[in-house]
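The chain below stands alone, shown as structure tokens; this is the form predicted on its own.
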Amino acid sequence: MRVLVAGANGQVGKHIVRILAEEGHEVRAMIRSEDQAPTLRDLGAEPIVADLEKDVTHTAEGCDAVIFSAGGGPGSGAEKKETIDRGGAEKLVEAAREHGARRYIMVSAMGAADPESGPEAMQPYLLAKARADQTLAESGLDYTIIRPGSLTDENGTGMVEAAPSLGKRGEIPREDTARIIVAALERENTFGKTFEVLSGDTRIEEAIDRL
């Protein structure tokens, strides 16, 4: 499968790119600067420079799937949350539809189901995520929305807990987040579904099969 990864140079994005390449997928890595290209090539991807705040329609050409793992970043203000986390994701929904990339995986966030219940400082981010998720859900694409808990830099264990609603907060390593994204890519039982994921006691493949 030929997969476009938005946010490929991010901490989760690099794991996604590496795992996709290891599993034999063709990876197109969207990056903001040519300076980032050598790192992505080393991970097995074909870099493409594009700005999510501008026209990105061309990036999905020839692709079978899109994984959106981009974001304005923790230090960005509400405006960036709207233009990147919401606007960028929505632009790629349209790009996927235009170029026939039927599969779209959104890396969302735990709390996006009810943004107003989150901490005040997080609400612009959660609201942007929620709106992007809704646009994707109404797009007609074969979508999956994945909402991880707080991301950590610990080594992945391959063990998670996943459900439409877990009813609690928690953490998950970025590597395990990337692994569940890649594992969901070709599993049709995840099409049209939204689920939360945290570290747990179930192998990733088994956790996905139970959804």
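From 1 onward, residues are counted along the sequence shown. Computed from a predicted structure; not experimentally measured.
What comes next is about the form predicted in complex with a small molecule, which is not displayed.
In the predicted bound form, no heavy atom of residue 35 sits within 4.5 Å of the small molecule.
Remark: residue 149 counts among the residues lining the small molecule in the predicted bound form, judged by a heavy atom distance of 4.5 Å or less.
The closest heavy atom approach of residue 107 to the small molecule in the predicted bound form falls within 4.5 Å. Proximity of residue 144 to the small molecule in the predicted bound form: non-hydrogen atoms within 4.5 Å are absent; the residue sits far from the partner. None of 7 to 15, 199 to 207, 20 to 28, 186 to 194 except one has non-hydrogen atoms within 4.5 angstroms of the small molecule in the predicted bound form; the exception is 7 to 15. 50 is the sole member of 65, 50, 43, 162 with a non-hydrogen atom within 4.5 Å of the small molecule in the predicted bound form.
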